[in-house]
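What follows is one chain in structure tokens, specifically the form predicted alone.
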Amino acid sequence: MNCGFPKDFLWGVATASAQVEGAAFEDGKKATIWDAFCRLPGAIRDGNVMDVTCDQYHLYEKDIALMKELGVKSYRFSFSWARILPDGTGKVNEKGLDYYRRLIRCLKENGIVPNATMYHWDLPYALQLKGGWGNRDSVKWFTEYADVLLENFGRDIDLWVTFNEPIATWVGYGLGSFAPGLRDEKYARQALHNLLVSHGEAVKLFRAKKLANARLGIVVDVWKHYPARPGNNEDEAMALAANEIAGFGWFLHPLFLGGYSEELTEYMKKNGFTPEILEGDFATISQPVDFYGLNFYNGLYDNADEARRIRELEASGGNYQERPEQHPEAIYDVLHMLVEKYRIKVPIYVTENGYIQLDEDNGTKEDFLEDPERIAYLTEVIRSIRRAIADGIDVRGYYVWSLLDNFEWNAGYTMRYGLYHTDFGTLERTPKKSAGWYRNVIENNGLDV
């Protein structure tokens, strides 16, 4: 039995500028909030910074050669705002534009479709000093940046994404574990509202450009929570809060249904976290997009008793390392939810999906190169996507996170998602077993089951 996909299905790989480019202060680029955050004591698990990462800024041709070897049809990357507008607004850095021109040209010469994200978490630090996303002026800042991108690359890029995983701004502004490292929920709620309005204004701008062959969407990650004991009131409440108040519902509701959900609206009003919402904001946020990008990693099951035990353990000085069970099959339910609950009628791309290898579980380089767990996980995800397609859900592409082991945000270099192993000392890339497996998937346009 062949688990085939539509003949024009886009098989791809994904990265992000801050995680792979390096050259953090070269050729006119200035600091991002992540460049600053990395320098806060204790912010990054292994104490590293993003100055070099995978050095794709200098090695992009080699990485594109790896993509061609894999047979990938599309590369999802992100622009670095601070490389193009070092101060966030104002003077454009021509050397930054030139780098992306060379990258895009090389991709197209090798038959690889560019899928470009405007914002993947790395706000220019100069703008954070002005209040960052919490400042309503951020809507104007982002629209100016989007205009520069569309003017320079609008006719060269087929797929555009405004924002990747807006929830990361909540983690950085409300929880403190991502850049810029703040813990202010009211400020974070305002920041996320401003970000969503920025998305809507960018959609309007994109439509005004009349780019005939380009399409634009947004990427929202879905970590769907389920009650571990269906019918248990506490478990049900935990899952609902995780989904609607601190998760995907926060974004999908205003983007596709209009306005914030009743649960979120009531929560923000009760706790004094309601952002300033201007007339017309929700109409702007819900501007129609051409596609939706789903980042999926796992389905999670909430148990209130277990959560209490963990809190008690941590309060007494104990160390709890959360390693939830893997539920790759949950993507099937998530895809149905997107269509049935959120009424997403545009094509869907699975823009990120990957499996983690932890440094603490692996000793030598050879340990990382043998990754049967990754192959088993990705196989189950791809099977589940194929089931959803058979049900009539319009999934057009799938991107593995990631091409390379890279800088995994506050985990530094201690987490590896790559199809290729990166030696962060020599920058050598070595294919893992999963790279050969993915090459076969692409060549066969699916799985041989």
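As the structure is a computational prediction, the values presented were derived from the model and not from experiment. Residues carry their position along the shown sequence, with the first being 1.
There is also a form predicted together with a small molecule; it is not shown, and the following applies to it.
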Point to revise | Candidate spot 368, 373 and 420, all three touching the small molecule in the predicted complex (heavy atom, 4.5 Å) | key: no
Practice item. May I ask you to choose, among 286, 164, 93, 190, the residue with a heavy atom within 4.5 Å of the small molecule in the predicted complex? Key: 164
**Study point:** Contact residue in the predicted complex, from 206, 153, 145, 121 (heavy atom within 4.5 Å of the small molecule)
**Key:** 121
Review point. Might residue 19 be said to contact the small molecule in the predicted complex, defining contact as any heavy atom within 4.5 Å?
Key: yes
Review point. Is residue 409 close to the small molecule in the predicted complex, meaning a heavy atom pair under 4.5 Å apart or at it?
Key: yes
Check your understanding: Can residue 297 be called a contact residue for the small molecule in the predicted complex at 4.5 Å between heavy atoms?
Key -> yes
Review point. Taking heavy atoms only, is residue 60 within 4.5 angstroms of the small molecule in the predicted complex?
Key: no
Revision key, fill the gap. Counting only non-hydrogen atoms, the one stretch of 164-172, 227-235, 268-276, 136-144 within 4.5 angstroms of the small molecule in the predicted complex is 164-172
